[in-house]
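In the block that follows, a single chain appears as structure tokens, in the form predicted alone.
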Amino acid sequence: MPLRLPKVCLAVQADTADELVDITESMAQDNPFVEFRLDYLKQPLTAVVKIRRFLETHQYITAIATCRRADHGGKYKGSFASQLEILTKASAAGCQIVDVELESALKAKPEALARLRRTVGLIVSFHDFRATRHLEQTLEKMLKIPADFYKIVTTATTLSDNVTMMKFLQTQSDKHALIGLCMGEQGIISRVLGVRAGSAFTFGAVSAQQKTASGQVSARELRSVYRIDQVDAATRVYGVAGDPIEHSLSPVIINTALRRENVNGVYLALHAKTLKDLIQCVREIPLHGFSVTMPYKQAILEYLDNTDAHTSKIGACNTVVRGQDGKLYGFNTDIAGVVRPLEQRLTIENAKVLVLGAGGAARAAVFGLKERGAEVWILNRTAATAQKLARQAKAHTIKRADLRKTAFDVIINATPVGMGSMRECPLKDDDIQAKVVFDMVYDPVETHLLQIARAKGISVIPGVEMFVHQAARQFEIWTGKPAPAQDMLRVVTIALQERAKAREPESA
């Protein structure tokens, strides 16, 4: 058994032995370290012959055999004796490591495990599907069984659970060979940073659809997006905090920028159910900077030590920097997201601009444009909110009935109307009279509003440009380097196209 294992083990599950080997074969070149989840097969023993043949012709592969019992989070329902028989035969077939759950290991005769361990590396594993707790006591129990690795997998119910797991790894991994991580959407931090804290390796899924545990990230994503092979003690950690956060494209776009500009950093999705949990995590990990998204853009203000003028004016923050002194500094880059795409197309000074909406995004657009000398009109469903914003920004309000009589240089949709839908549009066709139409909605890339504008021969700015430019400004604030905006635009456009493709069968 090689002492230095790759950082990512590909967890492979399938319905049949042929499929199990085919999937592994197709991914073997990039994934020389695999876990065969034999418990997913109806007859695990039938796979042993095929695994032997596969490993004989792929001698560079290191393989773990796992046959986890149903009462410990697996699928195997056979007897305890037959579970051990399957693992023994898998080791004889060439698997260099076998994984036995703590509960099974405690029931086994010590000589049976010792016999197995003479020919193969042994992982004793424990899974907690409800929480992250009692890590030291669990390890103490596990150490009674001689093994090569001790694997403790818990569930993160808060971001701080990742900190608990990583502190445990830091204090114990010098004494014992440990594998440690947190499951669940909130456990992404431990899946990427656990190897830095002392976990021997982490697990990656074959794909987003073929996970063997909740919150598992694909092996490809761990390598290409999170660059797990480069993560070390000097890696700076950034993230995007919100609730929900699962569908955020920020990790794809910022990690691309970090890679292109050779910054030793990684950017993670932080599912923060409370701000208190987030702030504790920021201080403990420590994060060097993070993006703030819904619903925390306003609420984060009370946790900041200082903010830039834009944040104070808009009353919302989307970018936080953690200073060397540990203080938190807030910025708002949504203004850059609005202004930069427009500057590439026209002179903003004295331009007549209609902003639809009066929420956070609209406030960023109104203040940013006023700052550059534009004449701004606001149209909002609730007139009082529009009037209040107009007073604060020295802008105008307009009634929907007056739109047809008024031509603008730019119309900006700063409402969520059209998000995830090709049918909704914030304006009627006849209301759209402008040289440029800018839709802040970026999914779908081509909204109904943009389609109407194009049909009228109007120049359009898709929301993905705003998304890229506000992220580019964040990257510049955090790193002091110019952002590779074109690369960022390219990867996010591809990601949105893939997302649209994945949705197609559902709507068909």
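Since we're looking at a predicted model, the values are computed, not measured. Note that residue numbering follows the sequence shown and begins at 1.
In what follows, reference is made to the form predicted together with a small molecule, a form of this protein that is not presented.
message = Within 4.5 Å, heavy atoms only, one stretch in 264-272, 320-328, 379-387, 77-85 touches the small molecule in the model of the complex. Which?
response = Correct option: 379-387.
query = So in the model of the complex, does any heavy atom of Gly357 sit within 4.5 Å of the small molecule?
reply = Taking the distances in the model of the complex, the answer for Gly357 is yes, it comes within 4.5 Å of the small molecule.
request  = May I ask you to check whether Tyr40 falls inside a 4.5 Å heavy atom distance of the small molecule in the model of the complex?
outcome  = Judged by the heavy-atom cut-off of 4.5 Å, Tyr40 is well away from the small molecule in the model of the complex.
inquiry  = Test of understanding: in the model of the complex, would Met419 fall inside 4.5 Å of the small molecule by heavy atoms?
reply    = Met419 belongs to the contact set for the small molecule.
query = Is Val441 close to the small molecule in the model of the complex, meaning a heavy atom pair under 4.5 Å apart or at it?
reply = Yes, contact at 4.5 Å.
key: Contact residue in the model of the complex, chosen from Val292, Leu258, Val124, Ala361 - any heavy atom within 4.5 Å of the small molecule   = If I apply the 4.5 Å criterion carefully, the residue I get is Ala361.
message = Please tell me which of Leu278, Val100, Ile411, Ala414 lies within 4.5 Å of the small molecule in the model of the complex, judged by heavy atoms.
response = Among Leu278, Val100, Ile411, Ala414, a heavy atom within 4.5 Å of the small molecule in the model of the complex occurs only for Ala414.
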